[in-house]
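The data below hold one chain only, encoded as structure tokens and taken in the form predicted alone.
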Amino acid sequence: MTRVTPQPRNLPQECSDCPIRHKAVCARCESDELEQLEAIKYYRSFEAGQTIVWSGDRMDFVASVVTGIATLSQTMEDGRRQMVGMLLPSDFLGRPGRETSSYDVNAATDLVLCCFRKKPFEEMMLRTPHIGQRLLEMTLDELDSAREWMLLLGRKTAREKIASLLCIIARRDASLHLRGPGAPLRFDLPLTREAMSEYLGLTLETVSRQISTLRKEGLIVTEGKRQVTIPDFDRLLEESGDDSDGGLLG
């Protein structure tokens, strides 16, 4: 059975005060719709390393990530395991209309979820077009990200893979915190190097070597175990093989 930590303190009690309000599934909701969501929501917190749900387990909730990072993984019959996705703050967990989980979902860091009971949420989707519209937008964004990730895994070099991952996380962090183009890009790297190697299909040694090289060349600055600063985002973006519009260079 999954061990759940006590409900965290200092969380917003109203949806209108939520730090992910402008990006989450409720982003388009009016005040009366938010009141309906508040009636069916509850928070759950997980410690880094805990399993939220196993593949094939029944899910009686859907959720938005409020803080922290979750990973999606699949395990083959012979025991080989592949991380197939990450859920960052404001991302949506679960599938309305599907009873079970398709993936193992684990907390990569300490994690807080804003959960909604599934049946009431599904009923609300039918009554509230704003939720369905926003969920469709998020699903299409996720599809675009999956296609970009196929390109990354299939065609990019180890250096480009590391640079791409750092750019993805930096962009998401800036968007979540409404940082303008001129603001410093500084964030806490949510994944360990071991998790990065699993996610990118690289060895641990290769990940460590590439991060060290990017640091020596001044493309990134690291402080402590996790904090990363990107002095010149466009320069790092060039190293990822993408242009400023997200397309592949060359």
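Residues carry their position along the shown sequence, with the first being 1. All figures in this text were calculated on a predicted structure; none of them were measured in a lab.
Although it is not shown, the form predicted together with another copy of the chain is what the next lines describe.
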4.5 angstroms heavy atom contact with another copy of the chain in the model of the complex for Ser197: yes
Exercise: Met83 in contact with another copy of the chain in the model of the complex, heavy atom 4.5 Å: yes
Lys156, heavy atom within 4.5 angstroms of another copy of the chain in the model of the complex: yes
4.5 Å heavy atom contact, Pro120 and another copy of the chain in the model of the complex: no
Another copy of the chain in the model of the complex reached by all of Gly132, Glu137 and Leu143, non-hydrogen atom within 4.5 Å: yes
Residues from 205-220 in contact with another copy of the chain (non-hydrogen atom within 4.5 Å) in the model of the complex: none
